[in-house]
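Heads up, the chain below is alone and in the form predicted on its own; it's given as C-alpha cells.
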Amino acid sequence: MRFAFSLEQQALRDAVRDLLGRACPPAVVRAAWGADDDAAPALWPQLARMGVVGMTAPERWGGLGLGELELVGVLEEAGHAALPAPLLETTAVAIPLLAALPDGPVVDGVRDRWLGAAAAGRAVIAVGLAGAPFVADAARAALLLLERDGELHAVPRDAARLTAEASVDGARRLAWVDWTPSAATRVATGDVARDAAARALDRGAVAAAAELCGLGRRMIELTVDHVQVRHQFGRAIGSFQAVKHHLADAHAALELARPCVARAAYALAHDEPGTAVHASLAKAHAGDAARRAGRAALQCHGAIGYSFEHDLHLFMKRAWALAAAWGDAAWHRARIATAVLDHDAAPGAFHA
C-alpha cells in the first residue's frame, strides 16, 4: 500500500503554493483586515482561473470533479499564506454539500443557478450549521446554506439580514444571520438534511485542520528565521537549548497532526463508515498543534511578537479562529469518546 499523495496531487499543491507565494504575501492579508465586508477578495478570480475554486464541483457545472485528497494539500497552502478568501467555506464545504443533495425541483434550481457561478468564482457560498452562532464570510456570499430545526435551506443573501460580529481575525468576517425559512428555500429535510449537515461538519473540520497545519508550519518558519538573527549574550538565540526545545516540540506536534489530516481526507473521499472519528481526530490534533506553534512563536519572538505591526499576529490569530471553528479540540475529543465508548449517546451540542 502506498502512503503518499500522487504526483498529480502534489503538482496541484505546488502550483497553488507558487501562486500564493507571489500573490498573497503578508501585506495582502494585512490589507484584508481593513477591507469592506462586501469587498471581493482580489485573489479569488486568480484561484478560479486555476480551477481551484471549482475543483470540488462536478464537471457538468464547470468544476474539476476532484475530491478531498486533492483539496487537502491546497488548503494547507491556503493556511500557510493565511489566504483571506473563503476557500474553506465555499470549495471545501458548500459546493460538495449542494452537489450531493438528492435531486428535486428546488435543489435542481439552486444547483443550476449557483454551482456553475461558484465554480467560476463569480459567487461565494457560505454555510451556517445549527449550533454555530455566526456564519463566516456571509457578507461576501451570494448564497447561504443554512441549517435550522432539522432542515437545510438555500437562502439568497438579499433574503437574509446580516449583523456583523467582531472577529479575532480581521480577515475572516463573521455575521449573525436572521432569515425566515420557507418552502421556496428548503432543500432537504429529515434524515437527508441531518446526514448532509453531519457530512458538512466533517468536511469543515478536516478543511480547517488542513489550514491549521499550514498556519502552524508558517509560524514555525517565521520563528526559525527570527531566532537565527536575534542575538543575546553574543549568540543567536536559536542556539539556546530552551528555544530549540520549544520549536522541536511544536514541530513534532505538527508532524503528528498532518498524517491525521491526510487520513481524514482519505476517509471523506472514500466515504468510510468511521469518517466522523477521523475528522475529529484530525481537527483536535491540528488545532492543538497550531496553538502550540503559536505559543512557541510568541515566546521565541519576545516583545516584538506582541506587536500589531509584526506579521506573526496575522497567522496566529487565524490559527486561534480556526481552532475554535467547526468544533474545538475539546468538542471533537468528546465526539471521539462518544463514538468509541457509547455509540448511542450524543457528543453534545456543536458550537463554533
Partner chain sequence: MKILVPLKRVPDPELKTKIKDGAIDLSGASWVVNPFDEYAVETALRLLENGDAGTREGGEVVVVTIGPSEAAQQVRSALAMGADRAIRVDAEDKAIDALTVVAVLQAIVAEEKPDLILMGKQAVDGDANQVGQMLAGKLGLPQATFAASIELAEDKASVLVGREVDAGVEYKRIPLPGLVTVDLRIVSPTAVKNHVTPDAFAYGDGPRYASLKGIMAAKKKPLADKTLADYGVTASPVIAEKGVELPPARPPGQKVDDIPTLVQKLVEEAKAL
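Positions refer to the first chain, counted from 1. Here the structure is a predicted model, which means the values were calculated and not measured.
Omitted here: the form predicted together with its partner chain. The next part is about that form.
Undergrad: 43-51, 317-325, 290-298, 303-311: which one contacts its partner chain in the predicted complex at 4.5 Å, heavy atom to heavy atom?
TA: Looking at the other structure, the answer is 43-51.
Undergrad: My question is simply whether residue 19 lines the interface with its partner chain in the predicted complex - judged by any non-hydrogen atom within 4.5 Å.
TA: Answer yes; at least one heavy atom of residue 19 falls within 4.5 Å of its partner chain in the predicted complex.
Undergrad: Would residue 15 sit within 4.5 Å of its partner chain in the predicted complex, counting heavy atoms only?
TA: Taking the distances in the predicted complex, the answer for residue 15 is yes, it comes within 4.5 Å of its partner chain.
Undergrad: If we define contact as a non-hydrogen atom of the residue within 4.5 angstroms of the partner, is residue 330 a contact of its partner chain in the predicted complex?
TA: No, residue 330 sits far enough from its partner chain in the predicted complex that none of its heavy atoms falls within 4.5 Å.
Undergrad: Residue 32 near its partner chain in the predicted complex, any heavy atom under 4.5 Å?
TA: So residue 32 does not count as contacting its partner chain.
Undergrad: In the predicted complex, does each of 129, 145 and 192 have a heavy atom within 4.5 Å of its partner chain?
TA: None of them does, since no heavy atom lies within 4.5 Å of the partner.
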